[in-house]
Structure formats: structure tokens, C-alpha cells
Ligand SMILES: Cc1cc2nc3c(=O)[nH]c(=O)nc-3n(C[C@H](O)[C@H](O)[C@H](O)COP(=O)(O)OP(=O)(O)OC[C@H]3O[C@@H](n4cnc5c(N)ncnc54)[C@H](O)[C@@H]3O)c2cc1C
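As C-alpha cells, one chain now follows by itself in the form predicted alone.
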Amino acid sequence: MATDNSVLVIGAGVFGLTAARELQQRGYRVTVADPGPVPHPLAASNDLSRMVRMDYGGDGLYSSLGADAIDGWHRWNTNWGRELYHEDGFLLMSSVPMAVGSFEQDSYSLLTGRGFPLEKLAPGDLANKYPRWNSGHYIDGYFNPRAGWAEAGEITASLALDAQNSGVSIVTGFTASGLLQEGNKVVGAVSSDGTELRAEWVVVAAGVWTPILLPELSDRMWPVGQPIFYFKPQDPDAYRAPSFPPWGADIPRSGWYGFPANSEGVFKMANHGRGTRVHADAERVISPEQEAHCREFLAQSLPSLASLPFHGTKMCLYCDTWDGDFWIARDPERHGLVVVTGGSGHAFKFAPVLGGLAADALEGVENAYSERFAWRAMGEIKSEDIRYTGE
């Protein structure tokens, strides 16, 4: 029998686990249900790495959220007793001069205006400090030391363990197929095998499966596939910080970004563009055209990797909202339902603050982000340009 403080969270990704931890700390009795294992191999919260940065052009709201998240990443490193967030900085390069109105210049202006010590690239800096890059092609940019990357899969596993240690019950083998409703109140969920879980509150944090569970939202969010590429160079130290930090190369125009080689010597890069709309259960493979696109970029920008065989490739699926903003809100028509999703390819970096936003939404507490992440109708997209939000 559900009690007044019971919460059922559908999905054990970064949205679901951070929401569960925060709600448990606020006195709720929380159960997380997921198909399992956790981290799920197909979930967006898995994989080797995710970017952590507060560089968001002129978008002061996400920049502020990113700054708060970075403080949280340092706290998590301390609490876990190991470094799963690596503050290696963020190198942002441009093949054209930075100008007012560009992602690069607007990011630089906003962050330096807030007192962050960014390092503008002077002539010769790229060749001397970051020699793997084609300094003849990238003529402008900056380095932000207050940024880095997070070990996504390890962090998701650590969040699950933390949640369990705080009293959260994690139920695996539960593939939600629908919500249970009494009148206009959501009271639980049912799995594909008929198992029912009930609670006073239901938080749907199902990532790309959210529009399947809530088809009424499928006109405002949908799964999008983006390509990821992995390499294992013979000299991995040449692809590690400080000479090879996390990077973005012409990202508002090209979408390319990547990471240093990890402890196993694997280097990851990806492209964040408009992507390809797919079904949530689509095969996670990329096309020969996407592979060729990657090779073209490497030949131009990172020639030392241009002929290196792929160590692996895959298509990563994001739950994109129509406007690229997160969806962290109560259902205005059905009581007891909160939806926490719409990562749109850039949510993981905010993991340390996502749980608080989700818990506030459940409790009806307004914060600085409530309006931006609200339950909303489809609106007009203000720009046709690719909005760089890649992890």
C-alpha cells in the first residue's frame, strides 16, 4: 500500500538516480525501477566519458548551472575518495576569428565577465601547447581550466551504490510498459510482464523510452542518434592532458568534440549535430557515411589519427526536446506524475545538481531553472543554427 511519502522512479540513469538520492535525503521512501543492469548498456548515462563545462555561448542560465555542477563534481570526488571527474580543462578552437555573436566569443565574454580566468589562444599557442592539432587550420580560440570530463559509466554505478546505501530500493528486471492511473492521479507503473509497482508519486526518468511510456509527449521529445568513435593510439600519453585536454573544434559549425585518452588508452570523439531520429530500440550502429565524415575531420584537424583503425564505433541515443532544454516538471493535468528527462545530449555534466531540480519539481518548489525546464507546449525555435550542447 502506497504511503504519502513513497516515490517510484522509472529509470536508473543519471536523471533517475540523482532524483532518487535527493528525494531519499528529503525524507521520501524511494524505489527505482529499471530493466537493468545498472548502468544499462544502452542508456545515455553509460559509456567512457562525458564533457563537463560551463561554456554555453551567451546562455547565462546553463553557464550558472554548469558552475554549480562543477563545485558538485569536486564534492563527489571527495566523497567517493577517487577522481571520477577529471578537471583537465576545455580547449575550444575556431577556424575563423572569434566574433561577437559566435558561440566561442560569447562563451569567452560571459565567463571572463564572471571572473573566470580563461586563456585566449595567441599566435603559436596551439602549435606549442597542443601540438597534435592542425595549427594552420585553427586560428583562434581559448582554454578554460575550470572544466573537464567525467567517467560516465563508473559514475552511474557509484550513484546507484550511493542511492542504495542511503536506503533507496533499486528494482531491476522491470521494463515499464505503462502507468497506473486512478481518476486523474498516477499511482504507479506496470511492467511488460504484468508486475505492478505503486507509489504516491511517480517520477518518469526513462530517457529515450520516455515518449513510448508517455506518447502524449512524442510531439515534443524524441530519440535522436549521434555517432561516437573510439581509437586506441600506440602513444596514448600524447593524447592526454595537459597537451590534449577535452576539446571542441569548430563546434557550432562542425559539431566535433572529444576527450583525452582514458586510463586504458582509449580516445573518444563524437559529433553533435541535428542527428538522426530513430526508434528507442534501434540498432546502435553508425553508417559508412558517418565514418567517412569522421575521417575527413581527422585528416583536416588531427592528422596523426587520420589512418588509425577504429577501436570501436556506436550510435548514442539522446532524448531530445524540441528546444534542447531539459524537461523537469510536474504533469499539470495528472496528479502524482513528474517527468525528468530531455537530456538533449548535454545533461550528464549537470549530474550533481539534477537531483535537486527534480526534487524541487516534485515538491512544487520554484527555483531559477523551473521556468526554463517547465512542462511546455511546442513553440518556435529561435535559431536554425545547430545549438552546441554536446556532452
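Nothing here was measured: the structure is a model prediction, and the numbers come from that model. In case it trips you up, residue 1 is the first one in the sequence shown, and so on.
There is another form of the same protein, the form predicted together with the ligand; it is not shown, and what comes next is about it.
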- Using a 4.5 Å heavy atom cut-off, indicate which stretch of 132-140, 206-214, 303-311, 288-296 touches the ligand in the predicted complex. 206-214
- Query: Can residue 267 be called a contact residue for the ligand in the predicted complex at 4.5 Å between heavy atoms?
  - Reply: no
- Message: Does any part of residue 175 reach within 4.5 Å of the ligand in the predicted complex? Heavy atoms only, please.
- Response: yes
- Item | the ligand contact in the predicted complex: residue 12, any heavy atom under 4.5 Å | yes
- Message: Against the ligand in the predicted complex, would residue 343 count as a contact residue? Criterion: heavy atoms within 4.5 Å.
- Response: yes
- Task: Give a yes or no on whether every one of 34, 316 and 347 sits within 4.5 angstroms of the ligand in the predicted complex by heavy atom.
- Result: yes
- Just one of 228, 179, 118, 98 has a heavy atom within 4.5 Å of the ligand in the predicted complex. Which one? 228
- Query: Which of 54, 30, 43, 361 has a heavy atom within 4.5 Å of the ligand in the predicted complex?
  - Reply: 43
- Select from 257-275 the residues with a non-hydrogen atom within 4.5 Å of the ligand in the predicted complex and write them out in sequence order. 257, 259
